[in-house]
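One chain is shown next in structure tokens, namely the form predicted on its own.
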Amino acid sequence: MEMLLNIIPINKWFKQLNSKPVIISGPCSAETEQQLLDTANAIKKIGKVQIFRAGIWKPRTRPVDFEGVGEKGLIWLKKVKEQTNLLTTVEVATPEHIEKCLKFGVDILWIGARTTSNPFSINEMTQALKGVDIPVMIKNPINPDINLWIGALERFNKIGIKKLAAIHRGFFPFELTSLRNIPKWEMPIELKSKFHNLPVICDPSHIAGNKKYIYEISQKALDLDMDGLMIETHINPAKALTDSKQQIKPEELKLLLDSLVIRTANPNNFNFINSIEKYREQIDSIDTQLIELLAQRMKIVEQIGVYKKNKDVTILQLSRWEKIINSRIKFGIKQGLSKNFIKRLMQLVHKESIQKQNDIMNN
């Protein structure tokens, strides 16, 4: 059973957020006081950024990596706010993080993808925020589980947090792709469809993993009527201690923001998010993933072809093919697809696989 989220629109959180899109920017990590102040002052001059972000505690995969400066970074962030009048936001993962952010006057909290994936952690943090009126932005979980995402939003809303937003930062890919995280645009679209009043911010930096894709992803997010962007910006990305490839310089941020086309939802359609164009965007996203996965499959087919050639083994392994076709048809039927469709699809894939291995055998 789904709850109705009682949400205050993002343009009513602070007077600085009265225009769309909301732009959040700043370095992946606070590294030094000077780095933070220089970045913030350069961002302020752009005139289009309302919220300054910085990682104070960095949940890293390995402890040998830089894990943030900790509490002293909040002192620097307070100076940023005093000098620039930008709102500030920080990722929190524990009740202690929340306590320290409130102590130093951080304006907005955000929950990272790893934390969203753990309901126990979410519960602990909601207890720390009972009776506190502060906006909370929640990133999608690492894996594409929309119920985990919704559950985190519901838990904060249940204890009285009404200034809520979702952050779409993409999902960890099963196999490596050109992007750091698969966008799966159908997920934030579905979230918007379920909760029409929920602000959704896109994080193109974490989807891209490389600055050359950030503009394209940012424009796509705005075309999907998302409410804002969170873009990582560093005064000197080449020397950044974390995620240097996906951070851009303040001057690059200015060019990007100036180049974005801001479109409005179709005024003749009351529920634009459910229009035919939104469904087409979902199809485009899924098709891209299908093609990437098929390309990965063919690379494995080629590796098998080389192995067969070296071992003088025939291309066609009839028992293996029969096992594939039967298991895929059975699985496809469970997913609501027709037997004939799955059979034709697998035959086409198998034909291409045979051709690739044949080319290897005869070269």
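Note that residue numbering follows the sequence shown and begins at 1. Keep in mind that what you see is a predicted model, and the values were worked out from it rather than measured.
The protein also exists as the form predicted in complex with phosphoenolpyruvate (PEP); that form is not presented, and the subsequent description refers to it.
- Contact check for Cys28: a heavy atom falls within 4.5 Å of phosphoenolpyruvate (PEP) in the model of the complex.
- Among heavy atoms of His206, some come within 4.5 Å of phosphoenolpyruvate (PEP) in the model of the complex.
- In the model of the complex, no heavy atom of Lys278 sits within 4.5 Å of phosphoenolpyruvate (PEP).
- At a distance threshold of 4.5 angstroms between non-hydrogen atoms, Ala113 is in contact with phosphoenolpyruvate (PEP) in the model of the complex.
- Between 122 to 130, 209 to 217, 155 to 163, 104 to 112, the stretch whose residues reach within 4.5 angstroms of phosphoenolpyruvate (PEP) in the model of the complex through a non-hydrogen atom is 104 to 112.
- A heavy atom within 4.5 Å of phosphoenolpyruvate (PEP) in the model of the complex is found for one listed residue only; from Lys184, Arg169, His97, Lys192, this is Arg169.
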